[in-house]
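One chain comes next, on its own, written out as structure tokens in the form predicted on its own.
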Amino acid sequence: MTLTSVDVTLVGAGIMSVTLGTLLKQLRPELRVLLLERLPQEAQESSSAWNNAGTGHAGNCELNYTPMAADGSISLAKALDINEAFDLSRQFWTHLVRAGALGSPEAFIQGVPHMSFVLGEERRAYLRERHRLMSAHHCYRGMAYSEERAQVAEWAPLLIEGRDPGATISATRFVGGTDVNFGALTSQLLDHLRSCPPFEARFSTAVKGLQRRQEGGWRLETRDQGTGEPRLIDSGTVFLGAGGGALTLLQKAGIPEGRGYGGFPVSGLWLRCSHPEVASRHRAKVYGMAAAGSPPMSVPHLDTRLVDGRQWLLFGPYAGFSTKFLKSGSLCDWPGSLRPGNLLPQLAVARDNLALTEYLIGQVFASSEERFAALQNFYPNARSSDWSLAVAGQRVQIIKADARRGGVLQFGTEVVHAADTSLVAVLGASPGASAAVAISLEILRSCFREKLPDGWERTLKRILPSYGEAIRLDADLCRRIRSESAEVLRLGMS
């Protein structure tokens, strides 16, 4: 049985692994890095263009990031966190394009306005107040608001045509939004990593076991999916960035810090349209408001998508439940993840989230007519013949123990690492891809600080001009950085 020794093993060939790998190579080029992927190609799960929204989540249009409290106040804190995280990603891509490490930016990012759109007086009041707060902040400079049919029709004609003239509508528009093809970006980053030896990528390779080594680090047992050949890998540090599959691998590692974590898998469907006469008339990502009890990934949106040189429209996603942790996974994934330590937290979450359970059951049994009616709520003149159903990516939301409630369902992403920092996993879902650089920086600080050369943070400052600062607090820094990245990434002014 062959044995390979490396400094870092990245498990999963998606945007998280290649982003962390690229940052590590920028800071310490001599690191021996090995990437392992169970599938025969990179970016086939959550990073695929068809498996995620590609919004370039920046807190511009996603209403679930700006919740209204019981007293009527609206907090921008979460939206600003996401905004700064995505800005770090833009800065990193800007640096790599300038350095020639990435090819044409048009292959993975395009400027597409981000909009929010609501119906009804109550939601109008919310959106108006949200706009008042956001437009006053320099991170959202230029965000427009309108209640006028003619103006909204100019921004996104499909939203207005065929709609009841008496309907109460409201919309915001931020022209500095983007559409990101994270699959294409993952492939470009992987190509760059291949040009930075020592680096190796092994596909069709499954991780069957992880064991601590007495001398430090981990021994991974892997198997070639095609030939069945077993291989061993000794690795100083292991990163589990395998999307929903990271929880299963974390459980195999058995670190105390991973105990008590469970997963709640949520599947999804899209309605997809490539009809040129329809797709060419909508250049925006339009987010609505989630139904009561629904998960954030189910917020309805009508999106422009630019994939493989073609413009598409996507609507959805329609949520569902599957016991798989990956789109290509096994129906035994969720049952197989149940442990004595996470069973009570999962039961507590089931008890406290009956509305979510009812919502998912309704989505699972929704008819094609009901799905299409949801689209027509956004696009009244939609014709069913122009749209086809497509399966979206699988997401695994985090369930963790909670002393007061027994367990909580946590949306977003979370970094879990061993006390000795030799193993780290990223769990959770949106906005993971958009925040890949911010998450990688957290991992560098928590797990690689002692393994990087002196001055690594100064190097990071050259790569990421806002590193160590907060663009939410510095309007001049925000304006300068966004102007530079918009020029290099060919986005137009943000």
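Model, not experiment: these values are computed from the prediction. Heads up: residue numbers just count along the shown sequence, starting at 1.
Just so it is clear, the following notes concern the form predicted in complex with a small molecule, a form of the same protein that is not shown.
**OP:** May I ask you to choose, among 31, 437, 429, 443, the residue with a heavy atom within 4.5 Å of the small molecule in the predicted complex?
**Re:** In short, 429.
Original post:
Of the residues 399, 279, 189, 326, which one places a heavy atom within 4.5 Å of the small molecule in the predicted complex?
Top reply: That would be 326.
Original post:
Just one of 169-177, 401-409, 202-210, 102-110 has heavy atoms within 4.5 Å of the small molecule in the predicted complex; which?
Top reply: Selected stretch: 202-210.
Original post:
in the predicted complex, does residue 395 have a heavy atom within 4.5 Å of the small molecule?
Top reply: Because a heavy atom of residue 395 falls inside 4.5 Å of the small molecule in the predicted complex, the answer is yes.
Subject >> 4.5 Å heavy atom contact, residue 160 to the small molecule in the predicted complex >> reply: Close contact is absent here: in the predicted complex, residue 160 is far from the small molecule, nothing within 4.5 Å, heavy atoms only.
Original post:
Can any non-hydrogen atom of residue 262 be found within 4.5 angstroms of the small molecule in the predicted complex?
Top reply: Outside the cut-off, so no.
Original post:
With the cut-off set at 4.5 Å between non-hydrogen atoms, does residue 182 touch the small molecule in the predicted complex?
Top reply: So residue 182 counts as contacting the small molecule.
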